[in-house]
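Shown here is one chain on its own, the form predicted alone, set out as structure tokens.
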């Protein structure tokens, strides 16, 4: 039976531990509140560059020593600049976890940020931006977020090429000094570990890290909720977004179930109605995305240019039809899918470490697996339909990429292109 532990030190850093004695591995998630929302407006991409540069030497180790030591420990790891946090993740066999944590404590607290590595890191960041031109689906989704959320929430973590090219080592170091801090940092650990031992280790590594004021940010103006990216191609990429309830609200589970009705496998509505019955597209799906104070459903369809308008029309019709009701069979399918994901999470130290950190950030507490299962079991057609009637899909943000823009009509208005 899993045991959970939580400790918050005077400097504001929180440790979450879930003991999973049945597994042989251990994983950690380290979330530092230094995401890309803190990028200076004329240096978008700073957090992304920093997320790589911090790995290029820290504490007593240079770049190569970090790589060699993590490889010797068998640590699978990654780092990324998210919206609000810079996240570091690692997983290994349980007996090597403490050694891995010591390395990442140096990475977070004592990075070298070497100027000689900056050019190479910037080239990686610019290459990621260039690759968007070869990934039209990813490009349309990046633009969809940018047109649905105000800046900096809608900004792409990759930043902008001209900003990255102009970025100096002094600016990267200033960003680090301004944003890296223990207050608001979350360390979550799951696997074959001792909660008491992990508390002692994390206290040794982080408890003396001085707190500092939170950097400020604010939302910019509301974006235009439509765009067409003209591209001479035989295909059209379609992105549609609309608001829903954020994670942690009472209707959260119903909202997630509604998305699963739309896009939860080959028997889901979008796959069945848009792809299977009409053969309109080669890919179609919907996903849920949440911040603390707002959330959205993001939909995607990839199709041929000559069928793009019909694809958009059918996709929007399915979204608008959703509040008319869902069936018992659909709810059973959704419950089975959610429970399957829950069972897999129970068996994965990495998934549990990520879930612990996410719960703490959004809710200020950790949900037990039993609690999540109870919520899934209480889903009914009536509950999901009531949610959809209160929060119907509407006021769509629409972004397309292809040879021609598409028409879109909001009910009760004149026909027009995307807003």
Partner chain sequence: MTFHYTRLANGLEILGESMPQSRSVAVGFFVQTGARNERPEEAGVSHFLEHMVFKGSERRTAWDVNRDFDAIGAHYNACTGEETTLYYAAVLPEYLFAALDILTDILRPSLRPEDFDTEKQVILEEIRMYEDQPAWSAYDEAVALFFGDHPLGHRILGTVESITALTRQQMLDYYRRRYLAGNIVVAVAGRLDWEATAAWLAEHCQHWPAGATPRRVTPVVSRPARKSVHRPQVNQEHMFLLTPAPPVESELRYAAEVLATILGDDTGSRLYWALIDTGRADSADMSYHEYQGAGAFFTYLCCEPADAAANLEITLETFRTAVRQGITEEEIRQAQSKLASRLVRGNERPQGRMRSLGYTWIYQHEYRSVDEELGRLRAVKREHLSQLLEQYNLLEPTIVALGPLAELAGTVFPAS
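Residue numbers count along the first chain shown, from 1. Nothing here was measured: the structure is a model prediction, and the numbers come from that model.
What comes next is about the form predicted in complex with its partner chain, which does not appear here.
- Of the listed positions (204, 115, 276, 214), a single one reaches within 4.5 angstroms of its partner chain by any non-hydrogen atom in the model of the complex, namely 276.
- Scanning 304, 194, 160, 174 against its partner chain in the model of the complex with a 4.5 Å heavy atom cut-off leaves one residue, 304.
- Interface membership of residue 24, defined by any non-hydrogen atom within 4.5 Å of its partner chain in the model of the complex, is confirmed.
- Not displayed here, its partner chain is kept clear of residue 317 by more than 4.5 Å at the level of heavy atoms in the model of the complex.
- The closest heavy atom approach of residue 235 to its partner chain in the model of the complex falls within 4.5 Å.
- For the chain shown alone, residue 221 is not a contact residue for its partner chain in the model of the complex, no non-hydrogen atom being within 4.5 angstroms.
- Heavy atoms within 4.5 Å of its partner chain in the model of the complex belong, among the stretches 263-271, 150-158, 245-253, 174-182, to residues of 263-271.
- Annotation: in the model of the complex, residues 72, 91 and 124 each come within 4.5 Å of its partner chain through at least one heavy atom.
- For the stretch 380-406, the set of residues having any non-hydrogen atom within 4.5 angstroms of its partner chain in the model of the complex is empty.
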